[in-house]
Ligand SMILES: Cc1cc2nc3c(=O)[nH]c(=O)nc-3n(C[C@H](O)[C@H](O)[C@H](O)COP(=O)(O)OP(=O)(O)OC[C@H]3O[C@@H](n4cnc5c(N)ncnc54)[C@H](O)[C@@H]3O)c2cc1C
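Starting off, we have a lone chain in the form predicted alone, written out as structure tokens.
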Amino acid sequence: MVRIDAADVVVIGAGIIGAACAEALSAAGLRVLVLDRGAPAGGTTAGGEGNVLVSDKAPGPELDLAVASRRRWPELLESLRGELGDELVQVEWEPKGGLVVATDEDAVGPLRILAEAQREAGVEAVDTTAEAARAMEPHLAEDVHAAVHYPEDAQLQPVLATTALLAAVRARGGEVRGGTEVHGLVLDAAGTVGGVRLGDGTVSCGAVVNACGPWAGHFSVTVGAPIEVLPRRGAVLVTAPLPPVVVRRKVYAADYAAAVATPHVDLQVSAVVESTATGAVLIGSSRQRVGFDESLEVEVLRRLARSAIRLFPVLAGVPVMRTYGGFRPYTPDHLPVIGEDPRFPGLWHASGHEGAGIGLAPATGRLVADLMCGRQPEVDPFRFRVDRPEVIAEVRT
């Protein structure tokens, strides 16, 4: 492979968001170099559950981005299969739907209200009785009071999806380098981006995309254009493989959306249980703002297990084979940061998706490519702009 010393765009971060941006930019005809200080897909993406959800978002800009992404994922995968072949695009895509359940009477009203608002926004959300929910998930707990079925919810394997996107970038003449840290930007006299500084030299480029996930805030400070992207830690339990009839789709408690949206620093736990193509069941979800502390707390794991058993009592005797954790890129207003930084023309940001990066990736990549190439974007970029007060930070001297 020819080593790229100059590119149209350098994307920093080889997780799902960086890969989606790189794929969309290379599809637009730009020569792209993707750099990551670790292994591609080895950070937050490797710790993701692979959710492609519309069920957990209230009407607004994030739901608009989610709907656009849900529509685009199958189209994008089919296009990549035609370009790369089936073998490189085996991503375990499962359009299996999701079920959101109210486990107490107080949750029924808010669940129904959210579903109605989502239907008005174009989401397929089917009000379901407790009896019908248990027919869909026979092992569901008896104390479920109501549910909403979301046929559009889906899942894929995030590392495989990222690998497929990066394979397309390489096939189009781009390059992906792991183990390569970016130390800063090269700026001209007017403050416009002209390249990136590496440990062994520089790479010239016309644009840089900060897709560093939870580390995007740190990188932005390093280059003198700070944005408020912070890490929010989560943990997942992985069970031994089970028959597919035990858990058939993604099922979560109605308070999950509230846990996602809360600004509280304290631990948030909400029951999320979902099947996988391998038969293992994934159990979440926890959220803690503890910086980059990687330690897994036993009490958090216990609470995850108890919350899962509350939804599926049959899981009480199932062994947990492993646990893993990771950091989600959190912003104070719970919206991604997508767009060009007004402080340094040519510097772009694509981060802050928190736990929704897998589901929002294709539309994020398309939005970055549309804006960079001067095309009419499919999704309104205004609420994701870099200079909104909630995320732009002052340079500290």
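When you see a residue number, it is the position in the sequence shown, counting from 1. Everything numeric here is computed off the predicted structure, so don't read it as measured data.
A second form of this protein, the form predicted together with the named molecule, is not displayed here; the remarks below concern that form.
Region of this chain that lies against the named molecule in the predicted bound form, out of 25-33, 353-361, 367-375, 333-341 [heavy atom, 4.5 Å]
Among the candidates, contact is made by 353-361.
Go through V91, V236, L111, V203 and name the one with a heavy atom inside 4.5 Å of the named molecule in the predicted bound form.
Residue within 4.5 Å of the partner: V236.
Counting any non-hydrogen atom inside 4.5 Å, which residue from V101, C212, L166, A308 sits next to the named molecule in the predicted bound form?
Contact with the named molecule in the predicted bound form is made by C212 alone.
I'd like to know whether T180 contacts the named molecule in the predicted bound form, with contact meaning heavy atoms within 4.5 angstroms.
Yes, T180 sits close enough to the named molecule in the predicted bound form that at least one of its heavy atoms falls within 4.5 Å.
Mark P345 yes when one of its heavy atoms lies within 4.5 Å of a heavy atom of the named molecule in the predicted bound form, and no otherwise.
Heavy-atom contact with the named molecule at 4.5 Å: absent for P345.
My question is simply whether R70 lines the interface with the named molecule in the predicted bound form - judged by any non-hydrogen atom within 4.5 Å.
R70 lies outside the contact set for the named molecule.
Mark Y252 yes when one of its heavy atoms lies within 4.5 Å of a heavy atom of the named molecule in the predicted bound form, and no otherwise.
Contact with the named molecule, no.
Give, in sequence order, every residue of 282-311 that has a heavy atom within 4.5 Å of the named molecule in the predicted bound form, or say none if there are no such residues.
Heavy-atom contacts within 4.5 Å come from S285 alone.
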